[in-house]
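Take a look at this single chain, the form predicted alone, given in structure tokens.
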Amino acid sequence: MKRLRSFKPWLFVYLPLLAVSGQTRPAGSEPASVSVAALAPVAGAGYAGAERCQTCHKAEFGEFSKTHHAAIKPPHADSVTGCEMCHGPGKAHADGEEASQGDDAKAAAAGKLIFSFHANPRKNAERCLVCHQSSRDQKDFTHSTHIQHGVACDSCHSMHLTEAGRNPKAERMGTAQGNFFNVPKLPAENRWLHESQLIKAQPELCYGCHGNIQAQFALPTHHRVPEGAMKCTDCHNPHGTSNRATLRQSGWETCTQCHVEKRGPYVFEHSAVKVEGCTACHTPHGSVNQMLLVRRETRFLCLQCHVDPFAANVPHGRLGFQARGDCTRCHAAIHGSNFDVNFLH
């Protein structure tokens, strides 16, 4: 009787409300950790120190001081820190700039006494990869499609985005779809600091080179990238992978990160998914067809493989059923089934 008296029916209302209130919007994937390499001073090279760099490069120093790079604690007391971690010894450059006294020719000569990331893309990337080769997401960048096409780290990232510092509360215009769906946008400087220090936000940054993909996302059926609900890097690793199209996972694994109901494993699996992946039937960026299908009519999509009327995988081909209606009227479990080898209900 005591148990019955202590029973509190209001808990059935209160506890679900607690669970709902605790839910938050899914955040973007956290970048992989990076081990900082201990940069020992080069013998005979003169180091100026970040404070001396600040005298001329105030805007760059101000933005750099807000980043994780400025907060790096070197493993050894004599390790190189600050601006000279990336730009190299700067004393000769600083001395040359001060001695130029406004002479443009001498100032230009002094500018060549320090590494200023005006070299070829591979040389620029090598500076970053001193530390960033320890990350699983970045270790393959030297073999990536981007570096082979002349896209270096500083093409997408900036260690001191002075444009954001001039107007830190500015908001980007965004895409038409994103504005329509009213996706919140971070102020310029806040976005830069919290989104891997990208020069521009995704997908605008990627669209700068991949204009054909931007056109596909403008088609009626597409993944919610223009709306801001997804990012290009949710599926692709821009620093390079061994997978097709620099996908983060191999084959269909990238798609099933979100479409978990299609994952399986199934007793009877659709071989097209296992061999070619989801792109055998779907186009991932955008389509004029429903469900991102590569063909408007489902039956024509199936007939790309199931075309031989005498083959075992077209058991009723002679009767012409495959030429009328949609195959998925009967073969509803088309991604895989645990009950029927023909993917029937």
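All values reported here derive from a predicted model rather than from experimental measurement. One rule holds for the numbers: they count along the sequence shown, beginning at 1.
A second form of this protein, the form predicted in complex with a small molecule, is not displayed here; the remarks below concern that form.
Within 4.5 Å of some heavy atom of the small molecule in the model of the complex lies at least one heavy atom of His118.
In the model of the complex, at least one heavy atom of Leu205 sits within 4.5 Å of a heavy atom of the small molecule. The shortest heavy atom separation between Ala272 and the small molecule in the model of the complex is within 4.5 Å. For Val267, no non-hydrogen atom is located within 4.5 Å of the small molecule in the model of the complex, even though that partner is not displayed.
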